[in-house]
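Before any questions on how it binds or moves, here is one chain, the form predicted alone, in structure tokens.
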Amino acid sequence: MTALGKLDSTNLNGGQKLAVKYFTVAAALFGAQVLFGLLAGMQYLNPDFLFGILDFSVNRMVHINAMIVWLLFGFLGSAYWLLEDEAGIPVVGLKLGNLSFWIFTLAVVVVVVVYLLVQVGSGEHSSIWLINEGREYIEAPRWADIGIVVCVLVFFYNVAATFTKGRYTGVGGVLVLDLVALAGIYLAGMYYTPNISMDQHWWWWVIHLWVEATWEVLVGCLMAYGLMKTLGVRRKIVETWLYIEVALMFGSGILGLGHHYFWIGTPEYWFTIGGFFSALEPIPLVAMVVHAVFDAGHHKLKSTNNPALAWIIAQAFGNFFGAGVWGFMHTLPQINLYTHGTQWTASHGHFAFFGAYVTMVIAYFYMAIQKWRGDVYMSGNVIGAWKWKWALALLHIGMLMMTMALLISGYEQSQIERAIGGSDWVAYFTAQSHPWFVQGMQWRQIGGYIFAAGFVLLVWDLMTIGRRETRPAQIATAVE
């Protein structure tokens, strides 16, 4: 064991060393997401900016795809981080897992380079395989689609085989079952049909069930483990709420998929089903955190890692408000008729992805850096604590500012473009030039700059936190 505060990979097990690789790429792609988001925001305000060099459609595509991919890298890394500790044995097939990581990373680099170099051209059948499938959020060419599924299948093998040979836990059991869906449901986005309604139907399976359901359960597993490690709460508490989360996902998440079916030609019964079942999933994760914090206080347990715990708590409430409240605000079909496809949707999307997923991955960044530095002290008065606190504040302030600004612009659109103008082209351009819309997009850009400042501070903190500490981490003992 090296001295406290020094980065040394000997402090990590095999799965955690692989996790650090995933976390490194995830942080780089996070930065790319922020950069291309800022560029796209500038082009919204000044359409001539970089015109013909880096078009808005490409900026927006890279911004969104970078978000999906960096979060996927973060989730895979987080699962590898807990795998050996939770199963009690070394990762099975670790060499294959490392090979999969390098293949996945290389594929992402190639796809992004193609996006940037081939921005315009004829839409041939070959372009679906080699350049862009043209489906919003999942534009990756077909070869990359297949590669993602293969990499997730390798990941599933590592996790399932390790828990099969090692110790079975509730967290491990839910994680293994969830990974079946994580690999399988993505296949729905590769199904081709010339019927636009059927194509949208299967496309929404990826957007909702892959991202909003399987990711939600995966985050539940990560939260359960994180609370046990940072607070020492009892396993039976977090696993009970994890099981409730799975039940609600099957009971409401799958049926809640119907809120995407309102306007693509599916039967009218989806109006009722989709509108009713859409906002229940985040509730168990909030309850898990509240119950865990109460239990820790009752047993006088202290946090071993304040930054990680702060981000876990931020996840619970960000998920509840961003995915739950903000989603439900425009999910009912009577409202969605006017809000669908406006900046109101973008407001929900920004808040939901940040609150539900980004926060949890950042929590695992801090758990990893603590162990990497030899289980260094990272509680309330850690040296340089101002950096992680200000990073937390700036990222949330920037995100909330973007969320509210987009909501104002979306509200203006829903009124002028939809309710008054009836969704024709004249109404669309009238809404886009309205002062409320323009001012909302300007404030969104300011929020983006604040968010970018928070990201820079976050990276600085992750590179330096604990470096000058000589105190060991506090001990949180989980009580079964």
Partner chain sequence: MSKEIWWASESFWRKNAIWITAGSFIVLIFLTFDTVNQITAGGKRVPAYSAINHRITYEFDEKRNMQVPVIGVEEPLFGTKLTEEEAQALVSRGKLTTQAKNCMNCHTLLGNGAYYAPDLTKSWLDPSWGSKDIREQQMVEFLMNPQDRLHNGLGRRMPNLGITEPEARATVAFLKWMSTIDTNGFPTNFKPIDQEN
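Numbering follows the first chain given and starts at 1. Note that the structure is predicted; figures quoted are calculated from it, not measured. Here the rigid core means the biggest group of C-alpha atoms that line up within 1.5 Å when the two forms are laid on top of each other.
The form predicted together with the partner chain exists for this protein as well; it is not shown, and the discussion that follows is about that form.
Exactly one of the stretches 308-316, 94-102, 151-159, 340-348 approaches the partner chain in the predicted complex with heavy atoms within 4.5 Å, and it is 340-348.
For the residues 276, 390, 186, 262, the 4.5 Å heavy atom test against the partner chain in the predicted complex is passed only by 262. Not displayed here, the partner chain is kept clear of residue 31 by more than 4.5 Å at the level of heavy atoms in the predicted complex.
Of the heavy atoms in residue 420, some are within 4.5 Å of the partner chain in the predicted complex. Shown alone here, residue 61 lies within 4.5 Å of the partner chain in the predicted complex, counting heavy atoms only. Contact annotation for residue 272: none of its heavy atoms lies within 4.5 Å of the partner chain in the predicted complex. Contact residues in stretch 222-255 (any heavy atom within 4.5 Å of the partner chain, taken in the predicted complex) are 234, 236, 237, 239, 240, 243, 244, 246, 247, 250, 251, 254, 255. When two forms of a protein are overlaid on their rigid core, residues whose CA moves 2 Å or more are considered shifted, and residue 165 is not one of them between this form and the one not shown. Fitting the two forms on the rigid core leaves the C-alpha of residue 95 displaced by under 2 angstroms between this form and the one not shown.
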